[in-house]
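Shown here is one chain on its own, the form predicted on its own, set out as structure tokens.
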């Protein structure tokens, strides 16, 4: 657990977490904690039992805002990560007070690292402004992930059209299920940001609250983007099935042409394979070469004809 006094974006380490109980002369306290620190923090800041239980839960949490009488808000928002194979959501649990903010995570979240230089650049001096910039970073990261997913879909589509493989179907099904799962999670997150934008919240400055409308618009764009991805995955599956069908047609066309070419040759060999004594050309000295030449000529002419008509 790290306790910092933040004044105009400048960090100062604090040794005792109990110092954060009292408002500083300037700035606010940021307590960056893990779930192991919750028992101590709950006792000091009178954190609600249900909020602590949500933080300890290993399952993914639904984004939400809870207002407690103890003078703090409990906010859950999901950070996103994409490793080109699977989409991960990591819960970022936030306790917002008048002069402090507590972030609790079970895994490392990149946005908590990125916010440090941003606080200094913006000279952040209040806990609610810290909350605004943190949520803004979380939502902006969804755009980064959506760009990577879009690029993956485009590459997959190009690969399917050029070199269709059976593994493509597994990739399509896997990515589509990830997108559908994420789409369901985006709804509650959008509702959370709408609440931060519209609901009267005494711990968030009225002027600052208006800025959450911009984050809400971004969350709507993200939701619409993943709607588009869902449709694209359906189109991609149709393209795969069409490509497989076309490939099968190509193979059948080649087999049909080969069979057609060998049909007259089979007729010739069938005739000369009959057990009759009196067959024309049967006793010719060069009959064998004559028949072979005729078969090669007929096969070649049929092959050239199929090529000319683009049947092969």
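Given the structure is predicted, the values throughout are model-derived calculations rather than measurements. Numbering follows the first chain given and starts at 1.
The protein also exists as the form predicted in complex with another copy of the chain; that form is not presented, and the subsequent description refers to it.
S.K.: Look at the candidate spot formed by 170, 231 and 309 and say whether another copy of the chain comes within 4.5 Å of a heavy atom in all three of them in the predicted complex.
M.R.: Spot residues vs another copy of the chain: full contact, yes.
S.K.: Flag residue 41 as yes or no: does it have a non-hydrogen atom within 4.5 angstroms of any non-hydrogen atom of another copy of the chain in the predicted complex?
M.R.: No, residue 41 sits far enough from another copy of the chain in the predicted complex that none of its heavy atoms falls within 4.5 Å.
S.K.: Classify residue 61 as contacting or not contacting another copy of the chain in the predicted complex by the rule of any non-hydrogen atom within 4.5 angstroms, answering yes or no.
M.R.: Output for residue 61 is yes: heavy atoms within 4.5 Å of another copy of the chain.
S.K.: So in the predicted complex, does any heavy atom of residue 210 sit within 4.5 Å of another copy of the chain?
M.R.: Within the cut-off, so yes.
S.K.: According to a 4.5 angstroms non-hydrogen atom cut-off, is residue 106 in contact with another copy of the chain in the predicted complex?
M.R.: Result no; residue 106 lies far from another copy of the chain in the predicted complex.
S.K.: Please pick, from 159, 85, 150, 121, the one residue with any non-hydrogen atom lying within 4.5 angstroms of another copy of the chain in the predicted complex.
M.R.: Checking each option against another copy of the chain in the predicted complex, the one that comes within 4.5 Å is 150.
S.K.: Just to be sure I understand the contacts: of 198, 98, 113, 221, which is the one whose heavy atoms reach within 4.5 angstroms of another copy of the chain in the predicted complex?
M.R.: In short, 221.
S.K.: From first to last in sequence, which residues of 169-195 have any non-hydrogen atom within 4.5 angstroms of another copy of the chain in the predicted complex?
M.R.: In sequence order, 169, 170, 173, 174, 176, 177, 180, 181, 184, 188 come within 4.5 Å of the partner.
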